[in-house]
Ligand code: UGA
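Presented below, as structure tokens, is a lone chain in the form predicted on its own.
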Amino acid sequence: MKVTMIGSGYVGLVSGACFAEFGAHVTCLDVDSRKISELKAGKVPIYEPGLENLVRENTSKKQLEFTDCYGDFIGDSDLVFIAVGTPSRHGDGHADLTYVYKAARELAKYLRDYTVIVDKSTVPVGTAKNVKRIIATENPEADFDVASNPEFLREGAALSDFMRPDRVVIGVESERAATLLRELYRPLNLIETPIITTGLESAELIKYASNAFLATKISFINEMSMLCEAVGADVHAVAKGMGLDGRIGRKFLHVGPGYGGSCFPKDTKALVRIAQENGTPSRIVESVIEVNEAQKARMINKIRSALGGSESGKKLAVLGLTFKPETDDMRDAPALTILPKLLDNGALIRAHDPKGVREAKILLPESIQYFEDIYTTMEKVDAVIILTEWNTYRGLDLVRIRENMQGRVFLDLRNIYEPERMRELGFEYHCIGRH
């Protein structure tokens, strides 16, 4: 089976490499010639555990190829996936479909035999039918169907999510298209992965509804953490007691400085706009967004309070800049909201992140100092702040840190350590929702 993946970013590259591993011949297409040159040379432009090896292995086997030209492979493809970016549109928060529709117009010119055009990008309800209309207008003779096949990839665990998914969602208008997609995913039959076949609109909405629900769990437990602090409860005990209920589940009941990344922020905003445009406002999701923004602001106040009411002139060591561990993605990371405000108020920031420094240098103020060694980052500082729960921060030499710090404040915004133990070691320890 021949597959073309339009867009070689996070979703396109992971999906393309995994389909190649499944046995399909995959061509990843991107208009960024520099990115394609790097991929041809075996350089993967994003960090995702295991991805670089998978790309190199399938490239060497000729199962995976790269191109910057639409005319190279589309005419011979059985399926063409659109996996381009759909960022939040400036002004109204809706998903910007510029790249999706541009891809549809470009690919239409090269269609020959029957082809299934598949939206892999996260797109609002109705997009697949708009793609169908665009292609039919550009190439009235084309024999094609459109489909929606949303991705459910967690950054940092994308390969396992693709190879061993909870489910595969296929939105189609014809059995012919469904048959081709089911054949592509046939290797997953060995592990009895549920494959859900729906209409186009349902498939498009499943993605948004799933992400909004997960974001809701995060905002809910963050809101509960405030109540825990007010009444003397322990948010870990509350989350565990809730999560053991099978109807609720344990996942995503982890407090922190707010969610970020490439999906939750833009997808919750887009879902709110979709609901409003269809006359069914989504009050719960609107509140989730508000709570998440408030959580980031609350972290700034928590840091300020721990520093005695002012961060001016204080030297702070920040551990973790990416929105989550095992990724170099800085999109909507809490660090982008929290650190500039601290700098504006006179703080001096020393930072460390295992994979995110390159992006952080682009997105954060130039005055931040970056260090490769974790312990050098914390020398002579007034406070340590953990923003991202990388595994390397879970087993720190706390005695060494305490001896080399200038101050005693330790702000654990991911609740990695136990309060009692930290205070025994002499830290002024602050976390979220615990005492």
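The numbering used is simple: start at 1 and walk along the sequence shown. In this text, all values refer to a predicted model and were calculated from it rather than measured experimentally.
Just so you know, the form predicted in complex with the ligand exists too; it's not on screen, but the next bit is about it.
This chain lacks the partner; the member of 311, 353, 267, 119 within 4.5 angstroms of the ligand in the predicted bound form by a non-hydrogen atom is 267. When the ligand is considered in the predicted bound form, only one residue from 263, 146, 79, 107 comes within 4.5 Å through any heavy atom, namely 263. In the predicted bound form, residue 296 stays away from the ligand, with no heavy atom inside 4.5 Å. At the 4.5 Å threshold, heavy atoms of residue 315 stay clear of the ligand in the predicted bound form, well away from it. In the predicted bound form, residue 154 approaches the ligand with a heavy atom inside 4.5 Å.
Heavy atoms of residue 258 reach within 4.5 Å of the ligand in the predicted bound form, making it an interface residue. Using a 4.5 Å cut-off to the ligand in the predicted bound form, each of 207, 254 and 324 places a heavy atom inside that distance. In summary, the region of this chain contacting the ligand in the predicted bound form, judged by heavy atoms within 4.5 Å and restricted to 212-220, 356-364, 235-243, 302-310, corresponds to 212-220. Looking at 407-435, the one residue that comes within 4.5 Å of the ligand in the predicted bound form, counting any heavy atom, is 414.
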